[in-house]
Structure formats: C-alpha cells, structure tokens
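Two forms of the same protein chain are encoded below as structure tokens; each is given separately, as structure 1 and structure 2.
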Structure 1
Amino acid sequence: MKNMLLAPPQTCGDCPIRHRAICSKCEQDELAVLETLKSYKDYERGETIVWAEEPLTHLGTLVSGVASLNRTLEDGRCQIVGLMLPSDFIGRPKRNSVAHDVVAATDLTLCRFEKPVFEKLLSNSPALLSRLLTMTSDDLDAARDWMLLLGRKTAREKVAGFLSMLVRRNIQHDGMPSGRGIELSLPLTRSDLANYIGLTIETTSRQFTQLKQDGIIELTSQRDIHIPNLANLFREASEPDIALNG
C-alpha cells in the first residue's frame, strides 16, 4: 500500500481541530447531533476532491493534510486561489457547484456531511451559521491579502510572502516559537507553489536559491526550511511584522 493515513478520531471530543473548526462554537447537544451525521473520508495526494462546475454533494472540514483550490484556464494556465489547512471548511452551502477544483496537495482526511444535511443543520444552528460567517470572512481577508501579493509584489517578495503566510498560520495555532528562529515544512511541490504565487517553477526556484544565499532561509531538506530570523523574512516580503508583537 502506498501510504497509511493516520486513523481519524472516532469522536468529536478527540478531534484535534475541534476548537477552531466550524463546530467550535457548538454546545455538547449540537455536537452530539453532528457526531451522528458526520463521516470521514481519506484522499491520496493528487486526487481531486471536488471538480469545478460539477455537482457539489458534500461539505466538510479538513481534518489533516493540505488541499488546494485550483482555477484553470482552457489553455492550461492555472492559479491556486486558496490553500486549505486542517480545520478549514471546504465547499459552499446553497450552491450546487464551485468555480475551482479542490485537489489534495498531500494525503488528507475530510470530516464530511452530505450537502442537504449540512444545510439543514446550518438553518437550525445559529452557532454553526455564525461560525461559518466568521470563517468565510477570514477567508475573504486572506484572499484579499493574496490579491496584493499577486498584483503588486516582486518574485522575491512573493516567495518570502508565501513563507511568511505559512509561518503566521503556524504561529496562530501553535503559539510563538521559543527562540527567534522557526522550522517550516512545505506542504506544496514547487509547481503548486508557483501556481499559488503566480510565477513559473523556474523563477520560484531561482528566488529560493537567492533567499538561501542571502541567509534569509536555510534548506535542511527539499521540503524542510529553517528560518533563522523571522523579522528578516517579513521584511523581504514587505509585510508589517505585527505577528511578532502582541
């Protein structure tokens, strides 16, 4: 067998992302209902979870792994318009399709509900509805941040900006690192990465070697990065380093 996925949690109480997913505002009684209606499904790296413009049958939360939202033009040009990490919500209620493919960037596990079932839950649970609004608003803010990166930043800033984004999302959930440095593991291939930041693989690669030579990052392996100084990275990304204060 190609790959063993971690066994998904059996109960919501054990769920590692329980406190930041769509269900995080639900009380015990609501949670009990969700528990009976959810089901887990695993996908392998490269599998398409949802096809653009095709009927959307399930909605759900990413429990582990990484997925990308891919928008592709007829001639093959591709832009990744969203990166889904554990606890992110995938799909859109009250719509029978979405405009992008959802693709497993790594092996991953989904906690799913059938779409009509979830829609009914939503209409009966203000906690769920309000949490989904907050998460959607956060996604919108992130998308707009990314528009600035795509529209106005240089290749070097784009790569540094991507790494900064990953660091921020790590910090958000794991807390501040003890020292000033930090370890990072890339969840994307160079090709995905390029499609996410609006460059070619070649320029992306070149910028990586540049940042390495300039001491901003250190590659411990193909996928693992050590960042000796976060402030330096944020500066290269032309981002305010608010994540370091507060």
Structure 2
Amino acid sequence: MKNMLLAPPQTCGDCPIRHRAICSKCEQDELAVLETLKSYKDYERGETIVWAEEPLTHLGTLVSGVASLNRTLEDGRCQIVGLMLPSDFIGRPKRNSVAHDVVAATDLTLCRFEKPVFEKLLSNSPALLSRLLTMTSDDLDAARDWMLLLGRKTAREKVAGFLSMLVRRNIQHDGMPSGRGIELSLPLTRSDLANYIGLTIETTSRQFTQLKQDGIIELTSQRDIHIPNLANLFREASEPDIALNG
C-alpha cells in the first residue's frame, strides 16, 4: 500500500475546509499551535485508514475525498454504514478504537494529529471542544435520518434521499447556488451506493433512470449529476425544503 506523508499543501488559515472543520472556531493563536502539530497523509481508493477495534494512533479531518464506514459481518459480507465527506472528523478522543473500518472510498487527503497530542489540545481549547460537540450532534441527527431512510422509504425515496443529503451538505458548506439548481459528483460507485442505501445495483440504476426521465435529475456522466430544481428533489425524497428556507 502506498501511504505517503504529504508536505502540508497550505497553512491552516488557507485550508479549503478551514471554516467548517473542527478547527473552525479556533483563534489565530490556536491555529498557530495546530499548524506545528499536524501532518497530512494521502490514501488511495480502497485503502483502510483505520481498522475497527484496532488501537487508534491518530485523529484527523478529511481535507478532500470521501471515506466510508464499513462493518464486516461474520459471513464476510461488508455493509457500508456511513459516509465521511470533507471536513468530517475521523476518530473519537478518549477512545482507544473505533467501531467500524474507515476506508477510502475515493483518493483522499487526511489532516491528522497524534491522538495523545490532540486530546491534550482538546482539554485546553474550549473552541475545539465546542466544535467537536456540535459535529457529534450533527452526526447523531444524520444517523437518525438515515435510519428512517433505510427503514421506511421506497427505493425511489432512498435514491432521492441520498442525493438530498449531498445537496444539504453542499449548501451547508458553500451556501445556496446562485440559480435554483446544483451540480453534484457522486462519491460512490453505483455498486457501493446500492450497498449503502440497502438496494440492489439493478434497482438503484433503475431509480436513477426514472428520476432522469421525470426531469428530477440530469445525468451528465456516470458520476456527475445536475439537479435543476432542488424543491422537486426534496419532494421526491419526502423531505422538507429546509435547505431552501435557510
């Protein structure tokens, strides 16, 4: 496996996820400390970042790319139980391991800290602690929403709900687009997406085709999607237009 430590591509102040990552509430003096302690590491698609129940040596934030949280069943089947997008935090302070394998779903870059070092920083930084609590609460809300999607929604609602989740993350981080539409790039293959939302790949592909035929989405490539009207997408997912209402 190719695990190369990268020279930092930018300072903390210039980081593309600076204003939504765990360090988003830090003042300049705290950022200066983080700058001296961080390191960057690249992972290629398919590489495991953290193994479940293995000793956790580093904590970190996704700078770019997507990671999946995987659970392997006793018969060898692997289920994707969560996704991590840029600015999401990997690992839990004060815990020696994580419950799921964390795997690079795409090529990605991780900004990381040695676990004992970060835990010491956390104990002395109200800004870091406050942001971690907010992010943990957001993760809990997202997990509850995903339980509803998997347990109660139709196949069409599941696919639309997944796209809706990506839209909401984009809006949360980048603000509303100037028009009523938005461009998305799917972070997973169709096979991995089907695994994630609990459908077969045939059913997943069929729902994409039907959403396209009904004008809900436009497929510009296998992975790139244009959504011309966000309200229509939220309606198909049986979700409120909270992203449109601020």
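Heads up, when I say rigid core I mean the largest set of C-alphas that superpose within 1.5 Å between the two forms. Just so we're on the same page, residue numbers count up from 1 along structure 1's sequence. For clarity, every value in this text was computed on a predicted model and none was experimentally measured.
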item: Of structures 1 and 2, the one that is the form predicted in complex with another copy of the chain; value: 1
item: Core-aligned C-alpha movement of A127 between structures 1 and 2 reaching 2 Å; value: no
item: Core-aligned CA displacement of Q79 at least 2 Å between structures 1 and 2; value: yes
